[in-house]
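Shown here is one chain on its own, the form predicted on its own, set out as structure tokens.
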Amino acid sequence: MGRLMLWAGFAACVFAAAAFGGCLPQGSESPVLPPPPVQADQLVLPEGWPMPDQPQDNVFTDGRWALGKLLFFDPRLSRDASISCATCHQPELAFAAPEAISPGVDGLLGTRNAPTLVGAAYAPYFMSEGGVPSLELQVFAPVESHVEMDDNLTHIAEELAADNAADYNALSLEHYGRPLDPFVIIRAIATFERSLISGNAPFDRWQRGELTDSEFGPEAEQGWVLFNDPELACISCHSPPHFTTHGFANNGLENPYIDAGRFLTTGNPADSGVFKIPTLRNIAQSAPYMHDGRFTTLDQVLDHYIAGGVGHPHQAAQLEGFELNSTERQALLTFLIALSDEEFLNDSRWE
């Protein structure tokens, strides 16, 4: 089952770490944390968007963000130092991966596509089945999966803390009040991931009145109208501003599903083949698509929804199929492309 069974293996460690303050050595005192920041320049929010929720023990600061960025791009988080978080979540691909299934250490393959991390700050749960309730806890999953990074956070902390050139220990002491350890690693990476907020696509600028109708384009505007059409029902699962409801759905990909999806977390037969609804932001950059990366183009995705799925017994009621002429089809695709945020994709913060 590959990484489908990962949750059962690491859940106890994850929640024990959360409950006991993050892998503190025996006899250690509680961590000394700095006060909330006066400002956080690296957390850039689109106009009108709320501040994302943050754990009390991991309030966003630019220093924590910088430490998290170093860790996110460091391949030493994997057993053979070949894979970093950024290997499967590439900035230029909207923090997604180009492969249907990204290879882990030793070329091993799991069963799921690496999704975009865009908008993770606003997500209430993580993994395709929604079994992980926070960004901090999600970090455990790829690091300790045998088909992904296949390492141990305690070992990683020891190795990185011994690297005087990288100065991880000093940064950890400065920004978390303690030497580098699993507590710090998962929180710093989560802090970096909270900054991956995209809200300056042509669609956003048009909605804010920064682009005129002619600048946005009549084809993209027609696509937005179609996107809102109840017959197509796109917006029922992919509502703005995040272009996801953060809900779950069975989108009729196969019958039966090889991957049981949310059933792995809930044990409820009705959740078989049910997966978290992804964001459509920067969708043109984050191919391939679906939980298993089966579709390589947006045209293929559109074909699937036009056909109305394969008729799985748990398939979402909205998937009834619809018709589009060639002009309407192109307009809808043009609108989806208008969700590409070039400013975000080329942001110097990710360099």
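Given the structure is predicted, the values throughout are model-derived calculations rather than measurements. When you see a residue number, it is the position in the sequence shown, counting from 1.
Just so it is clear, the following notes concern the form predicted in complex with heme C (HEC), a form of the same protein that is not shown.
Quick check: do Gln138, Ile189 and Leu298 each get a heavy atom within 4.5 Å of heme C (HEC) in the predicted bound form? Looking in the predicted bound form, the three residues Gln138, Ile189 and Leu298 all sit within 4.5 Å of heme C (HEC) (heavy atoms).
Could you work out which of Leu211, Ala161, Ala260, Leu253 is the residue within 4.5 angstroms of heme C (HEC) in the predicted bound form, going by heavy atoms? Contact with heme C (HEC) in the predicted bound form is made by Leu253 alone.
Segment assignment from 211 to 219, 197 to 205, 109 to 117, 161 to 169: heavy atom within 4.5 Å of heme C (HEC) in the predicted bound form: Among the candidates, contact is made by 109 to 117.
Please determine whether His291 contacts heme C (HEC) in the predicted bound form, using a 4.5 Å cut-off between heavy atoms. Flag for His291 set to yes.
Interface membership of Pro241, heme C (HEC) in the predicted bound form, 4.5 Å heavy atom rule: Result no; Pro241 lies far from heme C (HEC) in the predicted bound form.
Is Gln318 close enough to touch heme C (HEC) in the predicted bound form, meaning at least one heavy atom pair within 4.5 Å? Output for Gln318 is yes: heavy atoms within 4.5 Å of heme C (HEC).
Examine Thr266 and determine whether its closest non-hydrogen atom to heme C (HEC) in the predicted bound form is within 4.5 angstroms. Contact with heme C (HEC), no.
Are there residues in 85 to 116 with a heavy atom within 4.5 Å of heme C (HEC) in the predicted bound form, and which are they, in order? Cys85, Cys88, His89, Ser102, Pro103, Gly104, Arg112, Asn113, Ala114, Pro115, Thr116 sit within 4.5 Å of the partner.
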